[in-house]
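Okay, here we've got a single chain as structure tokens, the form predicted on its own, with questions on binding and movement later.
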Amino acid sequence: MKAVISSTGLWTPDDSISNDELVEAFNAYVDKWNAQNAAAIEAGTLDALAPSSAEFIEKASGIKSRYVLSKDPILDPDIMAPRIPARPDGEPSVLAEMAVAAARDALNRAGKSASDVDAVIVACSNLQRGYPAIAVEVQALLGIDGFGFDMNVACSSATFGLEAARGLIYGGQAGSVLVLNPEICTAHLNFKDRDSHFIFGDVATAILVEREDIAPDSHWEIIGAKLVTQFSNNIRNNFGFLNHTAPEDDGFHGERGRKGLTDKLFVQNGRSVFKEVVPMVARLISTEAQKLGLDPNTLKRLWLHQANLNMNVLIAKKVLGKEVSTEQAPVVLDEYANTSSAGSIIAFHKHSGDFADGETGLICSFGAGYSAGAVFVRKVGQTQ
């Protein structure tokens, strides 16, 4: 029995930060830091911090804004980090609340209810805790019988989760699986780092994967998928329960990792990532398409991971052998920034409504690990 994508869902925070707003806060911090360290800078023992600009950010990444859960503290030059208060154990966690909202959107779009679901997978980069699993909490909040588990493959978590759901269906463990991707990426971002302070945003997406015989008439056949990983330190996040020492903690994000422990936050060697990931992903797509007997040029759309516009442009060009328009490789990172595992799913969610029966596309993720996932899909039936 085939496993198909019945629907997707999206939850977006209310607050957004534009590049201009982010740069104003960052430059205020830079001016203050340079003034406080003027003597050391003059003596040559410290380098002055350089200001940023909206033009630099857009040229480097294609990002123009990002949605966030905690706007004001991020824009406060004395804080420059989200502040998300801790909740009592009896209340829903922040991550579960986001995931439930996206899940309900996906269920509504498919005309389904929680009682139709057998399993929940929370697949994301930034899990709020080790246990109990966020997925099991979501399962309880939605009232789903069955089981749930969390998984993390960084920015490829959604595509890996999608393939895991497909395996559960083929193995008879479930007939309907919710794959949820709640991402609070700003909690792991160093907003005082000029080279990366603009990269991430917060969001949650959902994918409803079901047996073909119980799916809506209008759905997405999964033609084939390929997952790969290759170890690299070029994108790294060391923060975890073994890797923080600051006792202060005023909430879920609190002061942990902010008291001189910036090495525990997101770091990357951007040039190496670009140089190594682009050919890896292009090769993955081309090789798998050939195995499936697909000409990449017959793909109506490439829903690529939303990390960097220049990377996406080059990957699409390598795969298709030509310049590709945003019509064929849509961009959402200008509005959402990099939302890790959720990025390609946002692109798919927002830019798939014009597909006719039989038309094909590609959902593709790539990121830390390195990890990459390519999922080829074909539209079945007419979009409602």
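Position 1 is the first residue in the sequence shown; the rest follow in order. Remember, predicted model here, so these are calculated numbers, not experimental data.
Omitted here: the form predicted in complex with a small molecule. The next part is about that form.
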**Study point:** One residue of A215, A96, A307, V281 in contact with the small molecule, assessed in the model of the complex (non-hydrogen atom, 4.5 angstroms)
**Key:** A307
Check your understanding: Out of L189, V138, C155, L208, which one falls within 4.5 Å of the small molecule in the model of the complex, going by heavy atoms?
Key -> C155
Check your understanding: Can any non-hydrogen atom of R194 be found within 4.5 angstroms of the small molecule in the model of the complex?
Key -> yes
Exercise for review: Would you check, heavy atoms only and a 4.5 Å threshold, whether I199 touches the small molecule in the model of the complex?
Suggested key: yes
Practice item. Please check if F266 has a heavy atom lying within 4.5 Å of any heavy atom of the small molecule in the model of the complex. Key: yes
Review point. Could you tell me if F274 has a non-hydrogen atom within 4.5 Å of the small molecule in the model of the complex?
Key: yes
Exercise for review: Using a 4.5 Å heavy atom cut-off, indicate which stretch of 52-60, 324-332, 39-47, 355-363 touches the small molecule in the model of the complex.
Suggested key: 52-60
Practice item. Please state whether every one of the three residues N19, V68 and M80 places a non-hydrogen atom within 4.5 angstroms of the small molecule in the model of the complex. Key: no
